[in-house]
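Just so you know, structure 1 and structure 2 below are the same protein chain in two forms, each on its own as structure tokens.
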Structure 1
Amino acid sequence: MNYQDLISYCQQDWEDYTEHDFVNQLATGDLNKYAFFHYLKQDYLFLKHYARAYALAVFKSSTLAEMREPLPGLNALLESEMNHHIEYCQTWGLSAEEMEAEPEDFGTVCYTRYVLDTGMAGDRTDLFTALAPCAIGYAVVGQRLGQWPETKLEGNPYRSWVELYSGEDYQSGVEETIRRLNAMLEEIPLESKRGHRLCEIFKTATRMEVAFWEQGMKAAQ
């Protein structure tokens, strides 16, 4: 099996995630700013747990090569993506201290603890399958919005978000994520019990991504 099999298993959920009104309104510049503020603060908290999950991948590894494999991603999260997120939030008037003090919304708690619990209870493949919808989905969203006729960049306050995830740096980074996941899935039959379990993990994490967009939308109501 491969990552496309995971997406096909939950195609409707995947479309609900990657074509959600939240990202469509980001692309057109119509998203309520309070929805975006809530998203930014919760995403900061999410990324901290995402980094913990990458550290867990080291713990779950058996060989030195496996232990080294997550390190570039973990380092990028802690030293690059988190810093970029903080700097970006500062342009919206949100400080790192304010984001640290933000309570985790229910959707953030459910999603991050699901990923970590899946990793603790399972193996590296379970963990990376649970992590995959985030990285791969944002690449799909970015690519779609970059080509979408309705996307408006000029005068769009969310232009940098669209350009980040549609950009070459992010897209090429996700290619490595897909390569690693496919290597883990390659010897697992799709119709096996193990294959079904991985499909369910991916589906649940995808549904959590939908809920993450939804909680931002609800915050603005």
Structure 2
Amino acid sequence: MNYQDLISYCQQDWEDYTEHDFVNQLATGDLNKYAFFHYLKQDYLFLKHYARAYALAVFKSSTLAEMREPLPGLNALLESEMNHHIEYCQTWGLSAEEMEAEPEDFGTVCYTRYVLDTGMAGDRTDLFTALAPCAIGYAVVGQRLGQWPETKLEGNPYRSWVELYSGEDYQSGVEETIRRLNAMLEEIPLESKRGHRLCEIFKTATRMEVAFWEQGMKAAQ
């Protein structure tokens, strides 16, 4: 099997995630600012736990080459994504300390602990499958918004978000992630108990991504 099989298994959830109103409104600049602010603060907390999950990938590795594999992703997350979030929140008058002190919303707890639990209970492939919708989905969103005729950059308060995820650095990092995931999935038949289990992991994480957009939307109501 390959990563495309994981997406096909949950096609509707995948579209709900990557074509969500939240991202379309981000691209046009029409998203409610409280929705975005809540999302961004929660995403900061989300990324911290995500970094822990990448660190777990080192723990779950056996060879040195495997141990090194999660490092570029971990570095991009802790540096460019986190710095973007911190700098953005600062422009709204929120300090990094205040972001640290923000309480975790339910969707943030559910998603991050699901990924960590899947990785701890399973092996490296289970863990990377649980991590996959995050990286791949945001790359798909970034690519789509980068080409979408309705995307507005000029005067868009969310421009930096669109540029981060449609940018060359993020896109090429995810291409590498996909290549590695495919190499892990190659030997596993889609029509097997193992294949089915991986599809279910990917689907659950994808549903959590939809809930994460919804959690932002709800903050505006």
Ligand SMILES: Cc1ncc(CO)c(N)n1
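Residue numbering: structure 1 sequence, from 1. All values derive from a computational prediction rather than experimental measurement. Note that the rigid core is defined as the largest set of C-alphas that superpose within 1.5 Å between two forms.
> Pick out the form predicted on its own: structure 1 or structure 2.
Number 1 is right.
> Does Q147 move its CA by 2 angstroms or more between structures 1 and 2 when the core is aligned?
Superposed on the core, Q147 moves its C-alpha less than 2 Å between structures 1 and 2.
> In Å, how large is the C-alpha displacement of H85 between structures 1 and 2 after the rigid core is aligned?
Value for H85 between structures 1 and 2: 2.6 Å of C-alpha shift.
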